[in-house]
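Here we start with a single chain on its own, the form predicted on its own, put down as structure tokens.
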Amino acid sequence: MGGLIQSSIARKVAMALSGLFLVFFLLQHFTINLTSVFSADVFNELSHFMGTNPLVQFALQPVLIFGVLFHFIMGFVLELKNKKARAVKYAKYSGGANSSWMSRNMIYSGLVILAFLGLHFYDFWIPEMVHKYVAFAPEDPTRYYPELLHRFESPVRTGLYVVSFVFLALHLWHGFASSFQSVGFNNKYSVSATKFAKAFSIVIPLGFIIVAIVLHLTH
């Protein structure tokens, strides 16, 4: 029994740490995207650096992809383990009395985000890989902003991004805050950390939504 509990805790800690890593990446990604609203030149410079720096391309990028896959696979594993652990089926279960709706449906918001990442990879990452490593096209440091605008021409695609960011906010609302508890962060700063996580869960996805809409209207 002790081993099962320890392994369950280990999985939750691993899930939380991978989530915190992805939150850091999300903030960095948002910061770069936000510059596109204010300066095409700055966005081009930052994107060119990220797209050509060997450390980013051959070290950080593989780690990021692994982090994304690990986080989602671990999420599915935990969901399956939780379902198997419910050996006793209650005739009536008042889920809201013990946990929030979002905490009980993290797997569904995660699936939406996973689908969104597939679209995002299709829109940006795959064309970038083809441009650099298949077509071997000459590098143009000014190409990033026009390519970004082109992706947000369609109101349908822009709408898909907006909906995805709403689900991202819902996912973060529970996941980011609970990650602090999972890694054992329980001290006098816990309340402040939770408030920060809740604010982050609203501000960053909302920022992505604003950027997407501004880019759509800019074209």
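Here the structure is a predicted model, which is why all the values come from computation and not from measurement. All residue numbers refer to positions in the sequence shown, first residue = 1.
Keep in mind that the form predicted in complex with a small molecule is missing from the display, and what follows is about it.
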property	result
Proximity of His120 to the small molecule in the predicted bound form, heavy atoms at 4.5 Å	yes
The small molecule contact in the predicted bound form: Leu46, any heavy atom under 4.5 Å	no
4.5 angstroms heavy atom contact with the small molecule in the predicted bound form for Phe116	yes
Residue contact check: Tyr108 to the small molecule in the predicted bound form, 4.5 Å heavy atom	no
Residue (of Thr194, Asn53, Gln61, Ser182) lying close to the small molecule in the predicted bound form, criterion heavy atoms within 4.5 Å	Gln61
